[in-house]
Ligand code: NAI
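As a starting point, one isolated chain is supplied in structure tokens, in the form predicted alone.
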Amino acid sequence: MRALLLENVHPDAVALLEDAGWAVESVDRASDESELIAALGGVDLLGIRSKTDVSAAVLAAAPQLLAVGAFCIGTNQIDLAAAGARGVAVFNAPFSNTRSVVELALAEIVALTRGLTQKNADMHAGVWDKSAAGAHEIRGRRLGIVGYGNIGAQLSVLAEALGMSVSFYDTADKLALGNARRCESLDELLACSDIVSLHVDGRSSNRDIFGEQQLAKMRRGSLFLNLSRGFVVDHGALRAHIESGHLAGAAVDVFPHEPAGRGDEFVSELRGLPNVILTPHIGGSTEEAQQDIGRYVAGKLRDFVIDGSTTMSVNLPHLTLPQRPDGHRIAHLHHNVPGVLATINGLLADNKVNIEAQLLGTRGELGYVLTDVSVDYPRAVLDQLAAMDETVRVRLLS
């Protein structure tokens, strides 16, 4: 079993997979499509972060690939439908870096509200400017959160604990935490917020959702933060509103085009603005978060290979069947059509194979069956299961 981990995945992930007895190659950079295709020969498990795209072409060129681990929150860089169609499971870490992103957002809110970026620049230039002009407490200010998922909701709770008032807008019906107030529209949120922070996901419908029209509706002197996805904001329009004085400042951690590796040149329309905090996509880049992500995703990959568990997979049905000390486990991924389970069990019965335990789950167009069978079984059974018209992939796990 071979694993390839790209983009400087935490060493704990490497150690966990090596402890399972697998060969692991770790690379500190992202790969483009042609590089990835060339690297995947003989690879069973692929680990990436946010900068490597796993396209349908990549998946087609890697028939041995069993699973992809996204060592981050988002999975929009992976063709999930193509992965599912080839029986490749995809796992991510939807919760591991939540706290780290929230703490960065709060730090930037405090820094911008106190004018710390300019104070810091002045001090480094040898200028002593001890003045309260333009500096404010965040207590009593209203934070508007766009996207009330795991990160947005936790930011809401901690912001309230610091004395802020919170409004939020989400296209889904989300339960308000604490005293947070739900807004019925984005325009309503923009009109009442002193600070607007974006925490939306990477779905294609969110592309360019925040541009000139939305920035113009923000309150004069308000602050803007984006720690979600780079492609959701028009950076040219944001710069214009900063330079005009309409917005007092901004903090941006994600960008439409990001360098592939450390030390590469960073190009952005937002460079050079003293009241804009720019960070290199480090919202979740704390040692604590990266360690937790490494352990979590690597654990999901290990469990999928060893016992077929798909709990928290983003593209396959969720199944976990307790391991049995004896016997064998067959994992059967198939097209979700009527009668598949009956066909599977009929083939097993015809071959006089006793079923010790079995679990079926479906998700969209896919069905997944884990079947524990007795120790002695004809090897032809696997060939017959693989030959079924409905079969996507069959694995003998033990």
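Quick caveat: nothing in here was measured; it's all calculated off a predicted structure. Position 1 is the first residue in the sequence shown; the rest follow in order.
Unshown form predicted together with the ligand; subsequent notes refer to it.
Although the partner is absent here, N206 lies within 4.5 Å of the ligand in the predicted complex, judged by heavy atoms. Contact check for A172: a non-hydrogen atom falls within 4.5 Å of the ligand in the predicted complex. Under a 4.5 angstroms non-hydrogen atom cutoff, the ligand in the predicted complex has V146 among its neighbouring residues. In the predicted complex, none of the heavy atoms of A298 sits within 4.5 Å of a heavy atom of the ligand. Here the chain stands alone, but in the predicted complex its contact with the ligand, taken as any heavy atom within 4.5 Å, falls in 146-154 among 305-313, 146-154, 188-196, 263-271.
In summary, among the residues S222, T75, N97, T113, the only one with a non-hydrogen atom within 4.5 Å of the ligand in the predicted complex is N97. Residue L227 is the only one of L247, V90, L227, V233 with a heavy atom lying within 4.5 Å of the ligand in the predicted complex. Heavy atoms closer than or equal to 4.5 Å to the ligand in the predicted complex belong, across 180-203, to the residues H199, V200, D201, G202, R203, ordered by sequence position.
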